[in-house]
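So this first bit is one chain, no partners, the form predicted on its own, shown in structure tokens.
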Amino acid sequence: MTNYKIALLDGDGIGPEIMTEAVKIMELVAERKDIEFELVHAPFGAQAYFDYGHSFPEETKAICDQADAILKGPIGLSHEESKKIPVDMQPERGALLPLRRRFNTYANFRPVFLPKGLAHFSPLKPEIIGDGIDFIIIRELVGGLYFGKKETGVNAAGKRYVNESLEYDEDQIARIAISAFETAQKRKKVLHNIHKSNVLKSSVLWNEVVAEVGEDYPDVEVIHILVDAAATYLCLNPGQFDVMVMENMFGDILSDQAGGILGSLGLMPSACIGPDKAYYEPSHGSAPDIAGQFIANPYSMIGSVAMMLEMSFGMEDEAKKVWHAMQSVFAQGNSTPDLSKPGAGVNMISTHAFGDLVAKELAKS
């Protein structure tokens, strides 16, 4: 029997609640496929700091090192609670960025998918959504402004200052470009390259390297678009996009905007791929304001499981069945209170009930 070891980083807020539903699906997949998932929970995030004195404890690092893949829940607490944690140990700086750096997870894949039947979730007009929204954002994840040199202090004039640098080299750009071109080849063979070369020298180099890599993919059409224009077009005509590639900060911002056009980041799972290991996570935050109420939809966490099945374990057919099961639950008129308001004409169910229905649909396939 094939055995896969998976590190489960439950995270904060609603993280443990939606992780429970993800585990439910993984256990069903293991039973259906006659494989074994060895699931090992490990502390990670704000609560890990309070419990262990570090937001990415050494024991968690060891568990992740030994895992075949990592499934991560959302991290972070309220603003007031976060102030109780030293700045450099707050979850994003003390846990998330070190996780990415440790496993060099340079390629972030965020599918933006909303079929026509679920258009009611989106704030966009039906005529803009058309037959549905279906594109993928590929974001460089371990370079740029987030990972550049950082300096704070007081200058000679007695003024507080900050200096953060945006750094990329051609190899970093080339490898994410390759990921994007290879993805575009499997889809519609159109790649939108998002940049800001009219202002940033980093984007000038970015575009040069993308063009060089593109010579090896003559069947892929490359469309260059400024990041601010891309933000506009995501709202006005999202159907023009199929694969988008961009640097780290642009990807952070535009993928959140993409979640907005779907109606919620709760509908956007993601994969963070490195040369030897990957981690999978919802794109949304930990929603501490609704933690414990079991009203959060586990779609993004279960979707992250589907991406893990396909991208880490080669189980593409099973991944498609998980996606279909989740879409079926929505199509039957079910939703959770975090995604739909009272009076929306849907059957409001809990986090657990949604997971149960997904498992029921998956068992039928």
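Just count from 1 along the sequence shown to find any residue number. The structure displayed is predicted, hence computed values, not measured ones.
Although it is not shown, the form predicted together with nicotinamide-adenine-dinucleotide (NAD) is what the next lines describe.
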Response to the item:
Answer key: of N248, S203, N193, S283, within 4.5 Å of nicotinamide-adenine-dinucleotide (NAD) in the predicted complex (heavy atoms) is S283
Worksheet item: Among 209 to 217, 146 to 154, 69 to 77, 127 to 135, which stretch has residues with heavy atoms no more than 4.5 Å from nicotinamide-adenine-dinucleotide (NAD) in the predicted complex?
Response: 69 to 77
Item to complete: Using the partner position in the predicted complex, report whether T105 sits within 4.5 Å of nicotinamide-adenine-dinucleotide (NAD), counting heavy atoms only.
Response: no
Worksheet entry | 4.5 Å heavy atom contact, P238 to nicotinamide-adenine-dinucleotide (NAD) in the predicted complex | no
Worksheet item: At the 4.5 Å heavy atom threshold, is N297 in contact with nicotinamide-adenine-dinucleotide (NAD) in the predicted complex?
Response: yes
Worksheet item: Given that the partner is absent here, does E318 sit within 4.5 Å of nicotinamide-adenine-dinucleotide (NAD) in the predicted complex, heavy atoms only?
Response: no
Worksheet item: in the predicted complex, do L141, K277 and I302 all reach within 4.5 Å of nicotinamide-adenine-dinucleotide (NAD) through at least one heavy atom apiece?
Response: no
Worksheet item: Out of 245 to 270, which residues reach within 4.5 Å of nicotinamide-adenine-dinucleotide (NAD) in the predicted complex, heavy atoms considered?
Response: S264, L265, G266
